[in-house]
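Single chain ahead, written as structure tokens, the form predicted on its own.
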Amino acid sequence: MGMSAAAQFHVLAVDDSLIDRMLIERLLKTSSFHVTTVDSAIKALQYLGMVEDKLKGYETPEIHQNAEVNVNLIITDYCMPEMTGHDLLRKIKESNSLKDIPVVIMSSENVPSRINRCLEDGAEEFFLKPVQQSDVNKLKPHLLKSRSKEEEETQPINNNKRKQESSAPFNKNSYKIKI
């Protein structure tokens, strides 16, 4: 049973290896995720609307958030040319508008210091390649937590509106009682 398009989670998959991108895309689609794939961290930032002043020297980026993009999770390879998955993670977590998007790092190299650094810097998970369906199944709780954060952020607005409505003066003409 698939999810409706509106309820479907959107995952941005980032990997410079075509084979690994195809594998992760297939695994995610099997789990009813909407998937967008890109082949570099820089293209991921561009997709997310973060435009870099200097592609190679991304220390002082000029950031323009793309309001049209709605990504619920980013899964990225660690080792990529030009910009690593760890660098992408740090950029996402430094962005006010993107910091709540869960980021998962994957790598074929089991390097404990690298894994710990990514987790300490905000990665939700670190998967060893090849990624398997059991790994993808671990993503749902992070997606649900992300979605509930989005709902919480809009909730105070709704509560304030209700408070304003309830404190409005009573207007006897606005209520009709049928007898």
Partner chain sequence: MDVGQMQRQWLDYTRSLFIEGFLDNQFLQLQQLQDENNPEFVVEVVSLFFDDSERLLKDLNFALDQQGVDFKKVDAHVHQLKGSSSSIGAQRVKNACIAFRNFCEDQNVEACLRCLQQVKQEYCLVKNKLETLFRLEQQIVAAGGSIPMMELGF
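On a predicted model such as this, the values are computed, not experimentally measured, just so you know. Positions refer to the first chain, counted from 1.
This next part talks about the form predicted together with its partner chain, which is not shown.
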| item | value |
| --- | --- |
| Interface stretch in the model of the complex with its partner chain - options 138-146, 41-49, 118-126, 26-34, non-hydrogen atom within 4.5 Å | 26-34 |
| Residue contact check: S113 to its partner chain in the model of the complex, 4.5 Å heavy atom | no |
| Contact label in the model of the complex: S108 to its partner chain, heavy atom within 4.5 Å | yes |
| Distance check, Q133 to its partner chain in the model of the complex, heavy atom within 4.5 Å | yes |
